[in-house]
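Okay, here we've got a single chain as structure tokens, the form predicted alone, with questions on binding and movement later.
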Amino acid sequence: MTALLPADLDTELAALLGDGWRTDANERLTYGYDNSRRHAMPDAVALPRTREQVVGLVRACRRHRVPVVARGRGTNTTGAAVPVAGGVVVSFERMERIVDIRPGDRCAIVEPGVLNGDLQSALAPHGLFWPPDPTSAAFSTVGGNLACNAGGPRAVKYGASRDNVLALTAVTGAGELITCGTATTKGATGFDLQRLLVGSEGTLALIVEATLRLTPAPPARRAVRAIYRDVASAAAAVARLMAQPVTPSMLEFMDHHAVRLARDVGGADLPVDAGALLMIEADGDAHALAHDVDALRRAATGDGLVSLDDAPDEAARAKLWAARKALSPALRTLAPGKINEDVVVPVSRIPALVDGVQTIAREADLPIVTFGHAGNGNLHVNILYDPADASQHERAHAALPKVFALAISLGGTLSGEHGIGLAKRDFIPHAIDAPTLALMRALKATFDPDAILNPGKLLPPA
């Protein structure tokens, strides 16, 4: 028994969960972090196997006003899964069943602990896939993807998690089991609550089952790499690409710092005069693909274009993508520490965002590298610094709110796919007006009347 929880609660949950109830300090330690590198010690860890156990757990914790924090595999970068108020971390790693795959209905029913990569492997023989593809897809869970509305490069054509969920079964903070939505692609019956729960970071309810919208896997794909003289030329090309009828399946941007790193450190084959880079991909029927690639090449062509390289086969495509894949490891050569936050702006404002970020970099006297999903205006801003250097640490963390303020001033917002968690919570009032924020708090109180679900996350203190 742990002295950190009321004795009767500990006894009740041990009986409910059996070996899925952990109170040993070493066990608790391993569930207190996420990829934000923040850490807090939970009072206990629950590993439920069934929705009934989740209902019982939440009801018991509500009676004792004990916090409940949902957890996937800890890949979140904003601290959303860190139990800063203690309480019980609910890890869904044992709820990992793919309940059903229905090719005729283009949907799959899964438990929240299913890994994104495992789901994609199970769907492949049916010629289907689930569009969200975050970098962590191989080891992030569907439940975690839904909690922060994960996206990835394919979101420009296929949408993020919110756009690819049909129904959710969840347990509210009151311990009520609710079902939102249906396994149909059309529905006009009541409020769209499943979309509300996606992106709520476990603050409204714990997802115990999801019905996902599937998409036929494209039979063919081709990539084009466009190199530009400067960021403005690349951003103008993004606007042209998104204005013409053929939607790219991926449209990735790298600023001149990112290009230089990929070339000099990552060994990517890039010219020295590259000021910015776009990776453009099209997918679809092989017979139509040539036409689509031609359309994208025409749109990519314009003032400032240095080179335009096509990848006629999969091997050539992989070679073109090497520049993008080489980037993240290369960042580590500039500094041991990194603040990586995603912001999103209208596509037409990408040049202003990148220019503004570089102004912030000069003021902070720190390198800031920008890359990401240009087709959605969703860029990842990487502030690089040495955490052991007090001055650099202070300047890096002072630069972050300036980046957020810049994105908001350009008509954008705080996050496109990482979510809010702790990292951006206190900036929410700058992005959301007071009446809307009050409505969000009222919704929180309705779903979670005693405020036990993931307290301290997403919504700033009233």
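Heads up: residue numbers just count along the shown sequence, starting at 1. Predicted, not measured: the structure shown is a model, and the values here were computed from it.
Quick note: we don't show the form predicted together with a further copy of the same chain, though the next part is all about it.
Check whether A44 has any heavy atom within 4.5 Å of a heavy atom of a further copy of the same chain in the model of the complex, and answer yes or no. Heavy-atom contact with a further copy of the same chain at 4.5 Å: absent for A44.
Contact label in the model of the complex: T189 to a further copy of the same chain, heavy atom within 4.5 Å: Yes - in the model of the complex, heavy atoms of T189 and a further copy of the same chain come within 4.5 Å of each other.
I'd like to check something about T30: if you look in the model of the complex, is any of its heavy atoms closer than or equal to 4.5 Å to a heavy atom of a further copy of the same chain? So T30 does not count as contacting a further copy of the same chain.
If you check in the model of the complex, is N26 within 4.5 Å of a further copy of the same chain, heavy atoms only? Contact with a further copy of the same chain, no.
Looking at T247, Q358, Q120, N340, which is the one with a non-hydrogen atom within 4.5 Å of a further copy of the same chain in the model of the complex? Of T247, Q358, Q120, N340, the residue with a heavy atom within 4.5 Å of a further copy of the same chain in the model of the complex is T247.
Using a 4.5 Å cut on heavy atoms, which of V306, A316, A335, L196 is close to a further copy of the same chain in the model of the complex? If I apply the 4.5 Å criterion carefully, the residue I get is L196.
Contact segment among 171-179, 69-77, 386-394, 93-101, judged by heavy atoms lying within 4.5 Å of a further copy of the same chain in the model of the complex: Contact criterion met by 171-179 only.
Check for me: heavy atom within 4.5 Å of a further copy of the same chain in the model of the complex, for each of L241, G419 and T436, yes or no. Yes, the whole trio is in contact, each within 4.5 Å by some heavy atom.
Neighbours of a further copy of the same chain in the model of the complex among 133-167 [non-hydrogen atom within 4.5 angstroms]: Those in contact are C148, N149, G151, G152, A155, R162, D163.
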